[in-house]
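Have a look below at one chain only, the form predicted on its own, in C-alpha cells format.
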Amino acid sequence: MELSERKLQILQAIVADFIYSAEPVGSRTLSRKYDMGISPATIRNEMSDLEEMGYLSHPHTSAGRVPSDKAYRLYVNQMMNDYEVSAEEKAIITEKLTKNVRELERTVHYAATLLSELTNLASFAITPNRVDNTLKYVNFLPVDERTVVLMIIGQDGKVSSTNIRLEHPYTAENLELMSKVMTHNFKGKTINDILTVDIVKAFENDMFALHDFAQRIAPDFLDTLERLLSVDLYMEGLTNIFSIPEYNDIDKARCFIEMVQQKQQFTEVLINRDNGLIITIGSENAKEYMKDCSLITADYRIDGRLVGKLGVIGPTRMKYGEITSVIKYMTDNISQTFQLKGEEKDE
C-alpha cells in the first residue's frame, strides 16, 4: 500500500495536531479543523490504512490515533514546515550569549540553560575531548603573596584553572615572566604532547628563579593541563518534564531523570553521535532506555573545528521544527561569537 497525497495530508495533520494538543486525534477533529474536502468516514478509512501501515497507533482508551516513530520520521524528513526563529528569540539569544563572554565553558553552560528556557525541555551541552587540542596561553595571576591562580587556555577556547599555594612569595614580575616563558615554550603543542614533557627539565637552562618555580608548580600544572582533556556535560531544565503530559506518571518522570543523570552513559551516547544537526526518534536510539525519547543535537564549531554539541532530549512528541531552528541558531551564534573574540585577541 502506497502513501497517496490524501494519506500524506491526513498524516501531516494528525502529527501536527498531536504535537500541539497531546491528545489522540480523531476523524471528526480533522474534519472540523482542516478543510480536506472529504467526509469523516473517508478520513476514518484512511486513518485505518495508516495504522495498518505502521504510521499510527490506536490507544485503547480513545477513539483517536497517535503518531508512531515511523510517522515522526516521515514528518521530520518531508512534512514539517520551516520555522523562522522570531526576532524576539534572536535578540534574547544574541544578548545572553555575547554579554560578558569570558570563556567558552561559561557561555556553553549558559546556552544549555537558555535552550531549556526556550524549548521547555531538558537540554544539555557537551565539550568533548579533542585529542588534537593545542595549548594557546598560560597565565599566572597573583591572589596574595603565597597564592596564585594558574590558568591554561586551549586553542578551542576551553579553560582549566586551579589555585596554587606557594612556599615562598613570588613577585608579580616573576609570575608575568613565567607566564610568557611557558606560553612561548608550549604554545601550539598538543595537550597530550605537553603531558609527556619533563616540565622541570624544560626550564633547566633558564634563570634559577624560573627553574625553581617550575619545579614547585609542575604537579599542579600537569593536573590542570590534563583537565583540558576531560569531557564536560552540562544538563539543564530537568524539572521541565513535570509540565509535559507524557511524564504525568511519576514513575515515568523518575525513570527519565534517572536516565539523564547517568552522566557517563549519556555522555558516551552524545560523543558517539554523528556530526551536524542530528535527530533520533524513539526506536532509532541505540540504547534501550532511550526508546521512548527523541534526541536532537547540533555541533558548535570554532574556526571550522568541531568543539562540542548542544541539544535537547524529551518525549517523541515535540515541536521538531521550532526546536531544531532554535538549536541551529544558537550553535551558529556560539561559533560566530568565539571566532570574533579569537580574532580580537589575536589582534
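Residue numbers here begin at 1 and follow the sequence given. Just so it is clear, the structure is predicted and the values come from calculations on it, not from any experiment.
The form predicted together with the DNA is left out here; the points below concern that form.
In the predicted bound form, at least one heavy atom of residue 27 sits within 4.5 Å of a heavy atom of the DNA. Remark: residue 33 does not count among the residues lining the DNA in the predicted bound form, judged by a heavy atom distance of 4.5 Å or less. Remark: residue 42 counts among the residues lining the DNA in the predicted bound form, judged by a heavy atom distance of 4.5 Å or less. Contact check for residue 67: no non-hydrogen atom falls within 4.5 Å of the DNA in the predicted bound form.
Checking 298, 318, 47, 295 for any heavy atom within 4.5 Å of the DNA in the predicted bound form turns up a single hit: 47.
The candidate stretches are 305 to 313, 287 to 295, 33 to 41, 274 to 282, and the one lying within 4.5 Å of the DNA in the predicted bound form by heavy atoms is 33 to 41.
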